[in-house]
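Only one chain is shown below, in structure tokens, and it's the form predicted on its own.
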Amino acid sequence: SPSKASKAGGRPLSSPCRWWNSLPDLMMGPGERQPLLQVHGVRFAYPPLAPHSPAPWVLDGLDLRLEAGEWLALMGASDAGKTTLCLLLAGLAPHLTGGTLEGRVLIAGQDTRRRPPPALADRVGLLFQEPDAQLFNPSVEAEIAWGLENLGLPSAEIEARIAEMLALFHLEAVRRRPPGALSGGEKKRAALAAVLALRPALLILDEPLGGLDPVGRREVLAALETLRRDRAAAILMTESDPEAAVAFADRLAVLHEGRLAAQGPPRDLLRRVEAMAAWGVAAPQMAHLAAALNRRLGTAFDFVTVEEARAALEPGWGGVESGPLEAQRPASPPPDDAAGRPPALQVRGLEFWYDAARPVLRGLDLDIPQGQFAALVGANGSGKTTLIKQFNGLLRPRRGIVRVNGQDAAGRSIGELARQVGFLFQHPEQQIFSPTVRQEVAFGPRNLGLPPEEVEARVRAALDRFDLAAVADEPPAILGYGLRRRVTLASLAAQDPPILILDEPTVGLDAAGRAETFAWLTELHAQGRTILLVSHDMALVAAYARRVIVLHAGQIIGDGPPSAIFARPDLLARASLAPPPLAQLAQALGLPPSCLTVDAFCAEYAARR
């Protein structure tokens, strides 16, 4: 299977084949090294859906190379072809997908078209964008062991690597749990552990940071940097986080409509905010700030990191005192017009466990008023998804009470709760099952018993809103991850419930998709809808949520407006979180905690010039 072929992704140092030690053999001549990866004139199209129907090129004339020890970040819009390129480089396409391939893909000089995926397994490690696609063993430790056993390593070496990966990704407590019982972030870490344990020469990672908490993201990036530094591993990583690309990648390649639009040092490319937006790529928050200041005030700032921004801005503050945010004048948060309203969502003494020996939720009390835009944040495994599933009946309390719009959820079916609570799952495949996109979007309103003409109107509006009209009659299963995420968002929009709960809605979306999603949520909030957002994107939380609830080990340890929560780095660190870049910069410059958006920061800067 693709999962098994891709999981045995590398040959360790202690292996008899010693792929790592064979790297010197790639020398082409004195002082000249053959690239580990070469892509020459590649065009690729998947098989057509029906005989004689067109099969468009997903990749169209691509040239790329990657040296041993080099880190390449690959960015682009949701439909740019990034995942297809990953499958192609690992040899899974076209061997297992079918389709038409023109040009050549060479791994250490070997043509992948002439080598089946198992023949590349000692060279290439592939991480799928969706961890469920490659987790199939009965426990986490068995998952990590699987590839190592297939490489024939001694038992002592296997045990040592399992222990190393469990510790590196903080999976010791769940080592014997089945992957299906893990949270989304824990699944991603388990899949990464299984791939990195193999120490492959070429790592192909499709959105490895998606769904991870901020501290987990840093730990994964640090682990990859160690592998690259100590073992000369080459890394190709598709990623939507521009800050990660700037911090770690040697080179950035931007894919646009199946072609290479640009490549170069990440900082040089990502500072071009308008060009990145045209390609569907998010620029770093600091680059947006520099561009906004230059546009509004005629300055000439050029920074993309917090450190660069502080160095550029600090001399111009005219003696503004520096120090921790708590010592600065407090800023009044925007008024929360939901305060004082009856609760839309309420829990009292809520306790839940999957295993009685390991409680997940520990006596929670929480009220979310009608019409509030709240964000629930916390580390992977803190209980966020478990909590929100109580509100739509997918999980039921072991102890305590859950109320939805004042009514006890215990006596109401999932179908009844669905009329009040619209739920977006963390992974699109968990809620897509209809044969076409149009039927998927229509499923919710039809089950609400709406008249056919209203169902049609809602479906049409939702397809237009999320730019899905062109794929309305295609099977969702053939769409890329970003498009499938849009399908789930459109389905939720067509249902139009008074309460929306969204679990990591922006994972897998490009910059335009994220902006579109939050423009829609902002409109709904203005109309009085209640929104509960689960996200690890602290910049989005800071910009849109009126309230932030911090969950840690099944308990609420922080609750307040974003300006108050992000002014407490001690609290955030306890929950494995970190302030967004603008909040970090504001703290470094001694600015009020209200500077959480580019507009707010620009206004403060203009007032102090």
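All figures in this text were calculated on a predicted structure; none of them were measured in a lab. The numbering used is simple: start at 1 and walk along the sequence shown.
Keep in mind that the form predicted in complex with a small molecule is missing from the display, and what follows is about it.
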* Considering the small molecule in the model of the complex, find the one stretch among 352-360, 87-95, 453-461, 430-438 with heavy atoms no farther than 4.5 Å from it. => 352-360
* Asked: R403 near the small molecule in the model of the complex, any heavy atom under 4.5 Å?
  -> no
* Distance check, G381 to the small molecule in the model of the complex, heavy atom within 4.5 Å -> yes
* To do: Check whether A167 has any heavy atom within 4.5 Å of a heavy atom of the small molecule in the model of the complex, and answer yes or no.
  => no
* the small molecule contact in the model of the complex: E504, any heavy atom under 4.5 Å -> yes
* Tell me, out of P214, G185, G371, G258, which residue has a non-hydrogen atom within 4.5 angstroms of the small molecule in the model of the complex. => G185
* Using heavy atoms only and a 4.5 Å cut-off, determine which of G528, G449, G415, G180 is in contact with the small molecule in the model of the complex. => G180
